[in-house]
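One chain comes next, on its own, written out as structure tokens in the form predicted alone.
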Amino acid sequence: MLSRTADNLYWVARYVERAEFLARTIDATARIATLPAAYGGTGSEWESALLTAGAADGFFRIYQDVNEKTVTDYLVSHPDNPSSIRNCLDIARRNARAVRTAITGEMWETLNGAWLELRKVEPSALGREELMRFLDWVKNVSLTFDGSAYRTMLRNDAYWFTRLGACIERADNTARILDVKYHVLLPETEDVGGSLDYFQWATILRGVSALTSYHWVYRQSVKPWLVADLLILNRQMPRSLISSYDTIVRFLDMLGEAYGKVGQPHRIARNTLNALDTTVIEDVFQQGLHEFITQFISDNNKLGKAITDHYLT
């Protein structure tokens, strides 16, 4: 496969995954912001959304006030935000068009149809209810694209590159959600494990479609350390860091075998997976969740660069 084709497939999946992540972030933030003052509404929710998305620097170059309207405008559709939902879906569609013969008809129709629908939407004119329906639509586009890839693609290098892109993006997104929730969203006057903390964590779990899974696994009330355990170290949870790296290592091994060459990305991915495999959640909190997540995000970024250098250039 040409490196240009592999690059397009990799980034199609990353941008679709990123659009879904932004939709889930806005959805969860809006739900927290509407909680009664006794349980939420701390005033930092929309700032936390910007930090989770890694968009704070770009936002403050354009806006001065952090509120629901300015943040949703920036994260949903602002032309100067390269990672807005609108731009993510547009870039994904352009990448897919460049490799039209390497993806299936179902995958192309999902992205092209989403792009046509998106052109009819004026996000700045959306009310609260319309915004929530729009975010659900974005999540469904991602789910349909992911399901189409899973059900229709040949299990060859084209499929492996799309899964690599999706899982690297998903791991980064899950790590950012955990980090920002733990250090930004909960105000200093609140106790970890208090009522505000409980409702915020439950809303975060609901936002990543993990609340039911949490109760299936732990069968007790929502606790921060158990949420972290689910989203970092539980292999059964598809959005967890360790589950993402299980998939990354598996498909990198397949690429290495198919191309007869292994290198830096294989070593980084395997080392990260081994580190997660030998970690318990008590170690994470003893080290510091923020420090653990910061190191993970750095390692994940190094892996993305190594994949680019090894396969995509």
Partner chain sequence: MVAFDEMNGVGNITRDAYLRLKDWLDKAPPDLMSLRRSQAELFFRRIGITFAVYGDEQSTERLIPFDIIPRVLTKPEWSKLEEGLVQRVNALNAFLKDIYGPRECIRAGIIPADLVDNNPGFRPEMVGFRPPHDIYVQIAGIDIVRVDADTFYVLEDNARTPSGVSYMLENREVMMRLFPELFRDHRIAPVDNYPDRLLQTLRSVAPRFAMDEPTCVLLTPGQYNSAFYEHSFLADKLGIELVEGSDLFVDDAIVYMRTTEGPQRVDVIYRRIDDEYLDPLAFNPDSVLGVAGLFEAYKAGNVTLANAVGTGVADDKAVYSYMPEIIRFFTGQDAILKNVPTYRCREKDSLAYVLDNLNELVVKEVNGSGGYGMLVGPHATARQIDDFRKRLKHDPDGFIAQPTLALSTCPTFVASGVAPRHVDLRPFVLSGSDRVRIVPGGLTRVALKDGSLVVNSSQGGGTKDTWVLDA
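Residue numbers count along the first chain shown, from 1. Predicted, not measured: the structure shown is a model, and the values here were computed from it.
Another form exists, predicted together with its partner chain; not displayed. Remarks below refer to it.
With its partner chain left out of view, the stretch that reaches within 4.5 Å of it through heavy atoms in the predicted complex is, among 71-79, 99-107, 133-141, 203-211, 99-107.
Proximity to its partner chain in the predicted complex, taken as a non-hydrogen atom within 4.5 angstroms, holds for one residue of 235, 223, 215, 94, which is 94. Among residues of the shown chain, residue 159 is not one whose heavy atoms approach its partner chain to within 4.5 Å in the predicted complex.
In the predicted complex, residue 116 approaches its partner chain with a heavy atom inside 4.5 Å. Among residues of the shown chain, residue 308 is not one whose heavy atoms approach its partner chain to within 4.5 Å in the predicted complex. Residue contact check for residue 112: one or more of its heavy atoms lie within 4.5 Å of its partner chain in the predicted complex. In the predicted complex, 259 is the single residue of 259-282 with at least one heavy atom within 4.5 Å of its partner chain.
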